[in-house]
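Shown here is one chain on its own, the form predicted alone, set out as structure tokens.
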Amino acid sequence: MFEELTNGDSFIHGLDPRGKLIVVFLFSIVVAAADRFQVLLGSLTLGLLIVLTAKVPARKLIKRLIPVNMLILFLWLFLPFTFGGEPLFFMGPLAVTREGVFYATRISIKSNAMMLMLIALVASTPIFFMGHAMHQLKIPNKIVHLFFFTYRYIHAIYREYLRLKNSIKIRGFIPKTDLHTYKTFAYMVGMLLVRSFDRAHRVHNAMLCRGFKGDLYSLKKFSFKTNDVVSIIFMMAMIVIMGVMEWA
């Protein structure tokens, strides 16, 4: 479900996950704070180059970009009309402002640039390697544990949801736009939350019985190689250049 892009053999796949996390974090901060179109277009171009280097299939790339751009499309339906500024043209009684169009364009470029970098660097790394990399980067243990267990048990919760869904179908439930349908879905969500809490309690007790004390162990030892050092230096240089272009 989440590791469709981890089986590649590209240069990006072989990089140390700790370096990937650092680069994505710094890149996202600079892009989110940037305002100049030259910097934003440069970040989008850099994201495309990294995606091409990672050899991400076009179909899988588009599949992951569609949800983000659907939200952006929703913003395009409102921002140009509600953001104050100089009118570009009128659509009936509504004015499309220059500042609103520029603001929506900036959001579109920023979102796609960060998503491209996330897809190329983070999605190309196995989940468990990513979790251990977070642990070695001194990210708080509670966040790392939450990351691990969310991935591990989201499949179990989804199976429980399918079981509840099938059970109400067997009882002849047909969803409609009425109060009975809303109550049924509310009961199903409530039951899912209750069973998820019960599963979490049982898993926690089972881990305590096995002597779990909050420590994480990995069979793979991470080490920075020449490729990792060169890649980090290159990406840090690009990030610094974007920062200089934005704030110098």
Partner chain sequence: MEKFFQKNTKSNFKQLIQKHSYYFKAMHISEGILSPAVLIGGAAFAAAGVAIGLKNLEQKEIPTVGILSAAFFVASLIHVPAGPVSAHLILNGLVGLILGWKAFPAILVGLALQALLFQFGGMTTLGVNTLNMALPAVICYHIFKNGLKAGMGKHTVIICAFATGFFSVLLSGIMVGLSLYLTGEAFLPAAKLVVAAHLPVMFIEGILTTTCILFLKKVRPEILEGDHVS
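What you see is a predicted model, and the numbers here were worked out from it, not measured in a lab. Residue numbers count along the first chain shown, from 1.
The same protein has a further form, the form predicted in complex with the partner chain, not shown here; the description that follows concerns it.
Novice: May I ask you to state whether L75 is within 4.5 Å of the partner chain in the predicted complex, using heavy atom distances?
Specialist: Yes, L75 lies within 4.5 Å of the partner chain in the predicted complex.
Novice: Mark V101 yes when one of its heavy atoms lies within 4.5 Å of a heavy atom of the partner chain in the predicted complex, and no otherwise.
Specialist: No, V101 sits far enough from the partner chain in the predicted complex that none of its heavy atoms falls within 4.5 Å.
Novice: Is F25 close enough to the partner chain in the predicted complex to count, meaning some heavy atom within 4.5 Å?
Specialist: Yes, contact at 4.5 Å.
Novice: If we define contact as a non-hydrogen atom of the residue within 4.5 angstroms of the partner, is P57 a contact of the partner chain in the predicted complex?
Specialist: Heavy-atom contact with the partner chain at 4.5 Å: absent for P57.
Novice: Of these, I12, M238, L21, I232, which has a heavy atom no more than 4.5 Å from the partner chain in the predicted complex?
Specialist: Looking at I12, M238, L21, I232 one by one, just L21 meets the 4.5 Å heavy-atom criterion.
Novice: Does the trio Y182, F197 and L216 actually contact the partner chain in the predicted complex, every residue with a heavy atom within 4.5 Å?
Specialist: The answer is yes: all three residues contact the partner (heavy atom, 4.5 Å cut-off).
Novice: With the partner chain taken in the predicted complex, which residues across 109 to 138 come within 4.5 angstroms through any non-hydrogen atom?
Specialist: K110, S111, M114, M115, L118, I119, L121, V122, I127, M130 sit within 4.5 Å of the partner.
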